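Here we start with a single chain on its own, the form predicted alone, put down as structure tokens.
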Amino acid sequence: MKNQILSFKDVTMIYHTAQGETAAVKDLNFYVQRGEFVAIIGPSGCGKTTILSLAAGLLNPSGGKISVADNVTFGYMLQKDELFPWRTIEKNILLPLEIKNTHTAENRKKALDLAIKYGLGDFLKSYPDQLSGGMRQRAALIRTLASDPTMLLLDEPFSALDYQTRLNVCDDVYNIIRSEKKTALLITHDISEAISVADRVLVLSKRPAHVVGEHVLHFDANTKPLQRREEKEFSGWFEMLWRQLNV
């Protein structure tokens, strides 16, 4: 497809250890289009994080082909915020610019403008341990966006938060990603979370993972994650995905 920016075609990933071989994914096929929010759900240990590592180029597949459109860059958001405790929130946010040697006045202003736009302006001189878990996760997302990636790879970014905070931060992250017009690929074991944010949900099998289901969710784009959970079709999607996940 013309708007595809990432595609996996018959991708296999085998890990080799002293104990033998372990196939994490096998004959995996899927794509992500520009501007999409795609969620991948699957059983624990099925290779979801491996998929993000393959997409980011941190791993090379054992077989198959991974295609990335020209000039596409990735931002990787981890399960925990991983903010450095000895750096202020401002310096944590600017870290990608330092690493990539793009710490210009213009890029610094863009990154800090994002922080201010999304409610971190009063906390730039604070340290991570002075912020709530939700604020720290928001700072982690702004840090990921600081280098202006084309596509965000989200590795269960809410899993370390308590349930109430998780719901609120999910809304925050969704709104920021939509507002900044970013493409996103989320992996999660939480069915409700996937339904609440995604345009499309992919269901994986047990390891070695392959796609056993693909579902387009027809929610209004302006409906926030918390509001989606209240929609009448939400429970129907949950039941369908639960059944497919537990075959």
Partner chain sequence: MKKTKAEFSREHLLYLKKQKRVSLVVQITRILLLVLLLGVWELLADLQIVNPFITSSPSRIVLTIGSLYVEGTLFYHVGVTLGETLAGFAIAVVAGYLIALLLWWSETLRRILEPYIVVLNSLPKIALGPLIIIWCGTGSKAIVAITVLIGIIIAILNMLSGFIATDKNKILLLQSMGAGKIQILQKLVIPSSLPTFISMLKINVGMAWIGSIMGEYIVSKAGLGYLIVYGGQVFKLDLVMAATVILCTLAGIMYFLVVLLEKLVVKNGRN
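Positions refer to the first chain, counted from 1. On a predicted model such as this, the values are computed, not experimentally measured, just so you know.
Note that the form predicted together with the partner chain isn't included here; everything after this is about it.
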| query | finding |
| --- | --- |
| Residues Leu167, Ala221 and Phe238 all lining the partner chain in the predicted complex, heavy atom within 4.5 Å | no |
| The partner chain: the contacting residue among Val72, Leu95, Ala160, Leu124 in the predicted complex [heavy atom, 4.5 Å] | Leu95 |
| In the predicted complex, the residue from Leu152, Leu141, Leu83, Ala111 that sits within 4.5 Å of the partner chain by heavy atoms | Leu83 |
| Residue contact check: Leu58 to the partner chain in the predicted complex, 4.5 Å heavy atom | yes |
| Contact label in the predicted complex: Ile99 to the partner chain, heavy atom within 4.5 Å | yes |
| Asp129 within 4.5 Å of the partner chain in the predicted complex, heavy atoms | yes |
| Heavy atom of Arg87 within 4.5 Å of the partner chain in the predicted complex | yes |
